[in-house]
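Read the single chain below, which is given as structure tokens and is the form predicted alone.
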């Protein structure tokens, strides 16, 4: 059997920076042993981007590193289950931590520190009464979410791979017994707001400072890790606030509802991760919720900015344990401004329109969303119809929603106003994805429809075709147009 090589391309260098934190932050974990190994998803574009295609050209190499989790010689010597607490639906829970996953390798790539983390890799000290496993459907759903969000330009973790593992699991939210899987996630940090909350819970001032300086050294590198603690705490909170304001704006413009915005599901680098009961909006509805158990609508689409801000306030409270002079409210005061600025830029970019200035741009945004709020139109469909194409073809005239555009006062106002804006990018305006009749979407009915042939006939063809369709969106709906300030 071919053994995996420890050599890596110069683009991606293995490292073990997490060990700098010390064992206050994690516990050793042991990977589960699985009865079967069937590779169901392999993110070759990401593997190629890291320069690792040759290292993992054989299935045996993939299995050893990404199902058995054999350590890389130049990285972490053993998997580490990270410690954290968090507010779950606003209720504080001190009994958290990596319960069915761990971090087992780190890599430096494109000037950033990235983690290889797992989901469904077995029990850890924080599994409580769980089995540490992941359903195959859960892995399948996460891969679709990360593929689409990444293709749309949203800051997100990437699904590296998942294997079907041959176990039968019992779950309350899936027909059981159901198939099992283990997933590897490629993510820019697993340091969460809840990581700081745990340290504050134990009033561990020294550990908070250690984590702050580690974060400045490796994760938010525009900060000076040698700055005084008081000033570093202010700069850190403001930077994380801007990153999460930008991420939240990306979610809103993508029509994405995370579903479980607990503080342990928000990391400090402003990257979306850990996809459970997510949804994409079928139509514009601020009250739309993703989680079936979110009976109060706490994490509804329209409440996402509020709940992210609420989580940032909890981060500020945690930092105050080590930096009591930190003025949390003052430091977070511009969250709304950064969020609104990001929304406006992303809105114009998503429609491929050249700005006419803030007043005109805001007027268009309000007209656009007023139209969607007052008529039963598809969220992504409406953006697709009004995306400005290079040939000046008005797709909305051929849209199944055309009657609402031409026969309603709100539609007439929108079409007249949008026609007064010029195209922004001819390259994006001639993108091949524009030849489609319909937009690429990932609504819940589609997710269930794609799962059915897998579940019933082990037919992965429609799923793989959907991945190709999603990847065709790259560079068309890229939302990464505003950097954290």
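Positions refer to the first chain, counted from 1. Because the structure is predicted, anything quoted here is derived from the model rather than measured.
There is another form of the same protein, the form predicted in complex with a small molecule; it is not shown, and what comes next is about it.
Shown alone here, residue 99 lies within 4.5 Å of the small molecule in the model of the complex, counting heavy atoms only. Using a 4.5 Å cutoff between non-hydrogen atoms, residue 209 does not count as a contact of the small molecule in the model of the complex. Although the partner is absent here, residue 164 is not a contact residue: none of its heavy atoms lies within 4.5 angstroms of the small molecule in the model of the complex.
At the 4.5 Å threshold, heavy atoms of residue 131 reach the small molecule in the model of the complex. Shown without its partner, this chain lists 171, 295, 306, 203 as candidates; in the model of the complex, only 171 has a non-hydrogen atom within 4.5 angstroms of the small molecule. Though the small molecule is absent from this view, in the model of the complex it lies within 4.5 Å of a heavy atom of just one residue from 299, 84, 386, 371, which is 84. Heavy atoms within 4.5 Å of the small molecule in the model of the complex are found in exactly one of 344 to 352, 360 to 368, 90 to 98, 151 to 159, that being 90 to 98.
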